[in-house]
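Shown next are two forms of a single protein chain, provided one at a time as structure tokens under the names structure 1 and structure 2.
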Structure 1
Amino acid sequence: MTNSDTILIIDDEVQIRRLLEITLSANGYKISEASTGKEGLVHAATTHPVLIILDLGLPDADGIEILKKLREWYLKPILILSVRSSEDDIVKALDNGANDYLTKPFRTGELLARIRVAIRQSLDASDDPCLTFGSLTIDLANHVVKKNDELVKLTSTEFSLLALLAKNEGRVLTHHFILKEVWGMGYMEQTQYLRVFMAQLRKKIEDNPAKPRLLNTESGIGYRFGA
């Protein structure tokens, strides 16, 4: 893949937009900019960006509302970049469709890495029934998991949990989202229930369950599959 795709920046801070423009342009991305939510919605519809970087503190609308409007039709990654750093703000953004969340000030290297992961995950969202992560292979069609070519015995719930996380590689999935998708609406508050299943899954998947490489915890928020 070549980094010739457009990234839309929706942020009212001129300095942040300039920094992002310099950083992203130097890495081969084309840039589209908007300083308000309304302008951002127009740019998203006209420039067809491969990824959107969205600030939550916009002058004409709350960023969460813009996120909701984008998610009515925009299916590609949205990365939140905001000074808001509370757990509630992060969870709210992720629950409403954001793929990732970074707080200001940010490290440009980390931002670029998160962008690459989000775009790759979006492009890889194909009909391929097999996912491979090093020595781990997940056959989505046949519900078969192998590690080092040996069969890993998972319950149906464990497989559903692993498949959900793997298909969203690099994306932070909140506790509520995972519980809703795997167990249903009635289990959305059962975070301890989820922790038990994650512990079981790590014992079967990870080389060292105490130091997981694939099934990573995002403290107080949820889980992320992969780096």
Structure 2
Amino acid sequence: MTNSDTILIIDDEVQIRRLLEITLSANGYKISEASTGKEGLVHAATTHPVLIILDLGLPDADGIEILKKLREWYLKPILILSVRSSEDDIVKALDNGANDYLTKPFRTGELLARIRVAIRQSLDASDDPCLTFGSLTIDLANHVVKKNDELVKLTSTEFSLLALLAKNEGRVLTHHFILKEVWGMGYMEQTQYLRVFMAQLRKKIEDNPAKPRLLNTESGIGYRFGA
């Protein structure tokens, strides 16, 4: 695979940077490194990275602050890679514009997959209203969902939910975000709706609802469509 895209790593740990550099270079990415938040902001502006990997615990600033500053102008994916594993931290980062997160220690395979998904999403501006995931097709324009070429009957809320998740394939969506998008601002705390509809949706589109392949739970945070 040849890939000349630059990825910016903002992390103060040399060993993590080295590991990322080896892994990502081997996968054809160019690497730009920064060990502090300030340096990271400068590099982000100068090296035009296609994706930024950001650590939350930086020596000079809180990662969330850096994230907010980046998001003022940087539109491409930002992936959080942090030892902070508390759900609150993760949700906060996602709500502040991070596309995805991974906690340290992490599997490099998983990291690469997340990077690929994030980059693809950011590039994929296709207006193709038909999304296909294995045996499942979703026709966004006509509100039609088919599984193994059979029509799946969905209520309008179920469809909205599925559509939102499918459009953000591979990306974690927080409970709040989903509730806001599907039900509206007033329902942001009504997580029980989300649970019920999710369970129903799984029964309708998953091969084995007990082992979901498409509608994955991110415990305490939200849901992720696909891998």
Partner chain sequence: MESADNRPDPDELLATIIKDEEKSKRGKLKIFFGMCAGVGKTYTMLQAAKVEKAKGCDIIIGFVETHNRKETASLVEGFELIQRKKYQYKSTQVQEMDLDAIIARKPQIVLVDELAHTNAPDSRHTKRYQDVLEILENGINVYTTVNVQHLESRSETVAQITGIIVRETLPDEIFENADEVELVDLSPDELLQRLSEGKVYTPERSREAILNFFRKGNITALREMALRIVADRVDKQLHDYMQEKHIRGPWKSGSHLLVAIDYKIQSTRLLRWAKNLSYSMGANIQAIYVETSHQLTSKEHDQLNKNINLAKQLGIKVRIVTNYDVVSAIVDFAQKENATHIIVGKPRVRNLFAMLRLGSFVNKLIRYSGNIDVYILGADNQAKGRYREKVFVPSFTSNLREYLTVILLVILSSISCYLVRDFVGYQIVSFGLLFLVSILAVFFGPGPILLAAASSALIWDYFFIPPQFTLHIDKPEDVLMLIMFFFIAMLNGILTSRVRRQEQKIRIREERTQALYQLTKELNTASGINEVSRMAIKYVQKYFNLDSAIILKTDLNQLDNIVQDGTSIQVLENDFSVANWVFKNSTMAGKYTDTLPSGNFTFYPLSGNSGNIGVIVVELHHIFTQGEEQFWEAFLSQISGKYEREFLRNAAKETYVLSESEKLYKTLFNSISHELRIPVATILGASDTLLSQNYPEETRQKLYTEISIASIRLNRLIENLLNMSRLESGHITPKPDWCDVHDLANEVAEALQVELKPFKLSTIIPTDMPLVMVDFGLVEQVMHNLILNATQYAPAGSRIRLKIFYDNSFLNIQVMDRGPGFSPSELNFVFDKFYRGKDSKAGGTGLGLSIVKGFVVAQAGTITAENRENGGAKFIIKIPVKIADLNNQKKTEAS
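Because the structure is a prediction, the values reported are computed rather than measured. Along the sequence of structure 1, residues get numbers from 1 upward. Rigid core: the largest C-alpha set superposing within 1.5 Å between the two forms.
Of the two forms I pasted, which one is the form predicted alone: 1 or 2?
Structure 1 is the one predicted alone.
Superpose the two forms on their rigid core, then report whether the C-alpha of residue 60 is displaced by 2 angstroms or more between structure 1 and structure 2.
It does shift by 2 Å or more.
When the rigid core is used for the superposition, does residue 164 move between structure 1 and structure 2 (threshold: C-alpha shift of 2 Å or more)?
No; residue 164 is a residue whose C-alpha shifts by less than 2 Å between structure 1 and structure 2 when the cores are overlaid.
Shift of residue 48 between structure 1 and structure 2 at or above 2 Å (CA, core fit):
It does, since the residue 48 C-alpha is displaced 2 Å or more between structure 1 and structure 2 after the core fit.
Keeping the rigid core fixed, what distance in angstrom separates the two C-alpha positions of residue 72 between structure 1 and structure 2?
Value for residue 72 between structure 1 and structure 2: 2.9 Å of C-alpha shift.
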